[in-house]
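This document opens with one chain alone, in structure tokens, the form predicted alone.
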């Protein structure tokens, strides 16, 4: 039998306590030299009214990033929708550096056609202009696309507003919990519940294609098993359900393999499951606890947590020869690590002065930087653009999701409108990719 202490080490604070509800955004820290941008209301040149305010969504996205200061509509001196309608003097008086302007009209084969432009006030010129089309239910996706394009143009970093986040919630009294696995837009809107269960749901993770997820569920006889769900078809496959632990699934970068933790042969060890052949390969063999695997970007190594040295630390194992290297030495607790996409650093849970924070280890310089200031921070997940990470934390007695930039300069909270949330995972792909009709 695995002791309660080991179970706590493996599944520390995995279960959340909330109802299905949208997340709201609260920016708590932005950069000091935020770029001043005005997102002008976009005209609708068609019948009726639009179900979504595209400009409002774009403005909220840019504000959310913490890198931009957006001008309230009520302070705007004019409302241009095309570049030749812009009076630069009006915007210079308001100290606005860039305008996002545009309009929508009915499309030929699609429901909506969106024209938008990014205007540089001081240069008095258009920096970017595009036309995209979307179906009637894709207005939010079109708005997030505009945000991504503007963000990329002004920062040089690919935007992540079109991505999604996955998280676990729970409702009801302690003796009658009901668990949900939810997926929402990166701004917390459009929540979809993909799984409801009376048993815990843990360690949900995305496949690189963004169409599959894997998670741990106790839905059959109260025993843990690893399941894979196709989000497009709803098909669910049971991947493992061995005696003992079945946990911490992590897809390989090519999506063809799954790293996981099993204790079927004794102590918890790391295994790799080939999703095509279902061949299982044991990667670690140690009497200690090896858990929380994640892949290096090249797919040649696995980073994992182990207490083989007496305390939880981060190690890396080569899949070619199974050689192991210890990566963390600072502090008495480091766990749940993920490597940045460029391989330059590790994001992890780090304990300092008895408090759990999210930290980043620079692998080239060996420097560890604590990124968060809240308590009981856990489950960090890196955005696909590598500039932000989302994690679970406590603010007062409320469990919420929060995010922080890799340099620690931008921070925001995503509390649920009802209760607590836990175990976030940032999607690796954008929800919808639009191909511009013209640029």
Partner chain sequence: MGILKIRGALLVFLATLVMAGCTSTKTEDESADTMQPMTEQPETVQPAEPAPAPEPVKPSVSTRDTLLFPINDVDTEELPGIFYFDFDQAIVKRSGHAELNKHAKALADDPSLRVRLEGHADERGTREYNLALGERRANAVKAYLMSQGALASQIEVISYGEEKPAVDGHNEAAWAKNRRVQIVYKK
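Please read these numbers as outputs of a predicted model, since none were measured by experiment. Numbering follows the first chain given and starts at 1.
Just so it is clear, the following notes concern the form predicted together with its partner chain, a form of the same protein that is not shown.
Here the chain stands alone, but in the model of the complex its contact with its partner chain, taken as any heavy atom within 4.5 Å, falls in 260-268 among 100-108, 260-268, 294-302, 229-237. Within 4.5 Å of some heavy atom of its partner chain in the model of the complex lies at least one heavy atom of residue 247. In the model of the complex, its partner chain lies farther than 4.5 Å from every heavy atom of residue 117. In the model of the complex, its partner chain sits within 4.5 Å of a heavy atom belonging to residue 223. Among residues of the shown chain, residue 307 is one whose heavy atoms approach its partner chain to within 4.5 Å in the model of the complex.
For the options 179, 151, 251, 112, the one in contact with its partner chain in the model of the complex, meaning a heavy atom within 4.5 Å, is 179.
Between its partner chain and the residues 283, 202, 214, 361, the one pair within 4.5 Å by heavy atoms in the model of the complex involves 202. Interface residues of 349-378, taken as those with a heavy atom within 4.5 Å of its partner chain in the model of the complex (partner not displayed): 349, 351, 356, 376, 378, in sequence order.
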